[in-house]
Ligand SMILES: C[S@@+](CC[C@H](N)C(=O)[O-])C[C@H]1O[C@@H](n2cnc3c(N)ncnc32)[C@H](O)[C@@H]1O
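In structure tokens, the next block holds one chain alone, the form predicted alone.
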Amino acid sequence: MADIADIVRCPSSHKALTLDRNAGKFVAQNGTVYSFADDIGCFLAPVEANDGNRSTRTFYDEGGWATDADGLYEDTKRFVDTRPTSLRFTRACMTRLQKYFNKGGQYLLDAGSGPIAHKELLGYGDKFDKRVCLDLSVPALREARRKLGDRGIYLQGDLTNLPIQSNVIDAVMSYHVIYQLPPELQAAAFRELWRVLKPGGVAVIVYWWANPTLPWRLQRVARAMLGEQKLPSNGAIEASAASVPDHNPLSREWFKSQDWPFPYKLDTYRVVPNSFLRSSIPDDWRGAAFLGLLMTFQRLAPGYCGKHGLMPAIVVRKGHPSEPSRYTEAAARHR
């Protein structure tokens, strides 16, 4: 039976860990101890002043995953357009990517899982024995555990130094996470997700390009078709910078310039941001018709939308050991 002790490793020594469930701790060969409480393995130190993820960790630990009377998370209220027309479109974007996880397997790594905030994302794990939820926030992991129970494995850890053994994960999903890291750490996060994949595994990473060309063009189209919209802004987003997670998107040119050890292709998650939906899409049949056309565009031209839209789905593959040269060449062709 799959168990947390089968896949974890010490973040410092990269050696296997021994789990003492009665004492609530992992023990490394060098004597380092990590907490294991409420079924959560904790591999991060408390937030410090020089922590590069301090703003993000503080936001999510101190209320980002709190819910209101309607069950909406604070993060969702701030950053997602929850009006019915826009929300249907966003949910369809999530559901479209499930095709990459239909093969199933033993382990799905949900890297930056949060509390698994959307029911559409829960479906990604249906064909896997275990969903490995990794996040910076213990409150988020407790909420994920409430939803998954013993179908989940819960790790508080660093995306740039995963407490997971190499070559043990069948598939990876990472949804709106890596661009929250400091820019200098993002390449390491991509490489870590590839490291833990089994040969033949796939990772789908929803990212955010800096300065894409397609959203502003679509803004002009929306204004021509739908007219100027005078919709109320989401005042919650206009809170102080200290109360929101970091947002450090890098360009497609940066991504192409990296010497990746993996092949990849660009699909799309969504070509426009929630601010576009709030400012340009009316919550009526006209908005639904426009977003229907936009979804058709994304389905017919996923590669183009992944290159020039705002939110690509970067699909990473891990080759079998007998195929290293072919995969290196495939990666090179994308530069």
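The first residue of the shown sequence is 1; numbering continues from there. In this text, all values refer to a predicted model and were calculated from it rather than measured experimentally.
One more form of this protein, predicted in complex with the ligand, exists but is not displayed; see below.
Relative to the ligand in the predicted bound form, residues 98, 172 and 194 are all farther than 4.5 Å at every heavy atom. The ligand in the predicted bound form is not approached by residue 152, whose heavy atoms all lie more than 4.5 angstroms from it. A residue is said to contact a partner when one of its heavy atoms sits within 4.5 Å of a partner heavy atom; residue 176 meets this definition for the ligand in the predicted bound form. The closest non-hydrogen atom of residue 134 lies within 4.5 Å of the ligand in the predicted bound form.
In the predicted bound form, the ligand lies within 4.5 Å of some heavy atom of residue 65. Looking at 115 to 123, 82 to 90, 214 to 222, 196 to 204, the stretch with residues near the ligand in the predicted bound form, meaning non-hydrogen atoms within 4.5 angstroms, turns out to be 115 to 123. Out of the listed residues 159, 108, 144, 164, 159 is the one that sits within 4.5 Å of the ligand in the predicted bound form by at least one heavy atom.
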